Structure formats: structure tokens, C-alpha cells
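To begin, one chain is listed below as C-alpha cells, in the form predicted on its own.
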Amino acid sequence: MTISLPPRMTYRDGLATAMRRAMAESDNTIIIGQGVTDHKGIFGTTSDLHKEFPGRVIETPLSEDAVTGLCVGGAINGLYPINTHIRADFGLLAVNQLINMAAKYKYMFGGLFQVPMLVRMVIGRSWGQGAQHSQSLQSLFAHIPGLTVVMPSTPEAILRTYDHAVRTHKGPVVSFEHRLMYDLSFDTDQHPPVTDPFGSRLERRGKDVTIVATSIMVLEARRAAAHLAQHGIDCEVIDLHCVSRPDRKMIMDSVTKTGKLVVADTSWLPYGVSAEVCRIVAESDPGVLKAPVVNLGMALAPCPTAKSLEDVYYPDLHLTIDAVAKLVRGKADHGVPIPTHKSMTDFYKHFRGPF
């Protein structure tokens, strides 16, 4: 299906458009979860849909396990459920349904049952929500065969990926949306059509270093690349996008060309997305590397609540610029000026609460 996009679109509008399109195109699609009929409408992405599609946008109590089980049963019987979680942390209460049921039904019953459904989970920092409301759990779900896990970084990626998931894909898709991105506006014509909506994206061509990134770190990588280009360092940026199906060829073609690799993820490094990208290189041809891989992710600790600590907990533009420059120049005194520090929440969105 050809998707027509306006020249500029916010991340929120991309999601709202995708949700409305999914509901309008099939009477079997439902949206279900906490806050979907609230006046804030999951950051404005489901606002007023319960008025347009009465009976098919369903508010729920705090009952994630039961609701996800309802979605699995509905999917098996012809519905297309879109299950929302205002925080990815709440998805942990639905792990049994997602991992033991949704991911395995097709395999266990020899393909007789399909479980087409979309689970939206919100990740990322905001105004000091601390250890239990800020986790990026993509690696946990991407580890499971049968689950497709995506981390769209643009409205274009949202629309193409969600449309493909709803219309074509016959299995469960878990999508992680970063809360700092909802208000951001994007130039949609900068992204050429992709052949695989679940595929990785080559965001920027370069010759000196490869940056493989996820979610909001794709934006930080692009900002870092623009700054580094002014100081003689040419970065190639890959948006991993589907963390459960990374494009091995794209990654290896890029690293073979540049010889240097930085992986920037929104979560912890051990056993995570960064480790998986490193595994791809190690298994394919580790000899292409001219220097050790540099990985950027959250500090190995629960997220602190205090903003002053939160600001140094997450990887950001400044850490990315410094890490890339050190890797390419091979020394700590790399000569690239680091921009005046501004935290991600101040640059992308200033939160006043509660979400």
C-alpha cells in the first residue's frame, strides 16, 4: 500500500494517524488498554477515537495480564487487538501472555493458529519517574522467537510499520515508543520508501565510523553526525528499527567500509541490543574491525529519580560525540569541541507531569 505523508509530521500525529487508519479499515480492529479513552489519550495518539469508533476503543482497569490474555484470545478468533501500555514496565505484568501464549501458539499448533496483534509500550525518561517507570525492555522481548520487536524513530517508520503489522503480518508485534519523541516534528520526505517495513534503515552515509542506533538514539546519532562532520569525521548512521530482525548485511557492509563501530541503545548494555549487534559482527567477520567496538547505553543501575542524576544516567548527544571522536581519532584528546551540555528532556521536551 502506498502511504501519502505530509511534508512535516509529529511523532504523535504519525501514531494518531496509524491508529485511526487501523480502526477505519477494519471493523475487527480494537484498541484496548489503560488511558485509551482518557482526555490525554496515550499522549494524544488515541484521543477521541472512542467517539469515532464506539465499542471498539476499550478502557481497562489495572489488569494487564488479563487484558493481554483477552487480546490473545481475540486475535486467535479473528480480531486485531492493539494493546497499549502507558509504560513498558507495565508490560512485565503481561509477560506470561506474550511470551508463553502469543509468541508460541503458531508453533505449538503447527500453524493452525495465528496471533496477529500489536502491543504498544512507552519507554524513556521524563521528569524523574525512577526505577519502575523508565525501563527500556526491548531486549527482553526480542530474545523470544515468535515476537517481532520494533522501535520506530520517525512518523514514517510508524506509519509503514504499523500499517504492515495490521494489514499483513500474522503474528504479535511489540513496539517501543519513546516518550520524548511525541512532540517532535519530522521532515517526512527525507526517508525514501523501504522494501521491508520491519527492516533496518540507512539514515546517513559516511566513511569513517558506523553508528548503529535505536529509537531516540537514532536522533542523537544524527545530531552527533552533523556536529562531527564540521570537524572532519564522517559518520554512517543505521537505524536498527526492528531489534528482533537486525539487517545483518546492512550492518556488515557498513562496518566493512568504515572499520569502526559504535552501538547506541536506550537500555542497558549486558545481554542487550548492543551485545546482539556485536555478535553479528563477531560471527560474520570480526577482522573488518580496526578498533574495539564502543557501546553506549544506560548506566548499569536502576534509573534514579533525581533529575541531576537522571541527566547523567542516559546516553546522549554529548556522550555520543565524545565517544565517536575518541574512536575515530584514537585518542582522548580528539580535538572535537563538545557542545554545551543540555539534557535530553530540556532539548526534546520539558515535562511538567504526570506522564
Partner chain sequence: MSRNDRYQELFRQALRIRLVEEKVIELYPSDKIQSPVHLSIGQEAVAVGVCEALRPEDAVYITYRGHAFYMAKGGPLPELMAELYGRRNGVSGGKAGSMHLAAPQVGVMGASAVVGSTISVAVGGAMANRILKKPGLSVVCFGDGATEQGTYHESLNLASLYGLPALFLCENNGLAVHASLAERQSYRILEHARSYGIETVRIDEGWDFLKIGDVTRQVTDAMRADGRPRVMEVMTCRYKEHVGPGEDFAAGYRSQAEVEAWMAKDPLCADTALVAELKPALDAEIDQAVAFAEAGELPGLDDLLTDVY
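Positions refer to the first chain, counted from 1. On a predicted model such as this, the values are computed, not experimentally measured, just so you know.
The form predicted in complex with the partner chain exists for this protein as well; it is not shown, and the discussion that follows is about that form.
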request  = Heavy atoms, 4.5 Å, the partner chain in the predicted complex: which of 120-128, 73-81, 248-256, 216-224 makes the cut? Say which one.
outcome  = 73-81
Full three-residue contact with the partner chain in the predicted complex, heavy atom 4.5 Å, for 27, 97 and 108 = yes
ask   = Would residue 323 count as touching the partner chain in the predicted complex under a 4.5 Å heavy atom rule?
value = no
ask   = Hey, in the predicted complex, is residue 317 touching the partner chain, heavy atoms inside 4.5 Å?
value = no
query = Heavy atoms within 4.5 Å of the partner chain in the predicted complex: does residue 112 have any?
reply = yes
request  = Report yes if any heavy atom of residue 66 sits within 4.5 Å of a heavy atom of the partner chain in the predicted complex; otherwise report no.
outcome  = yes
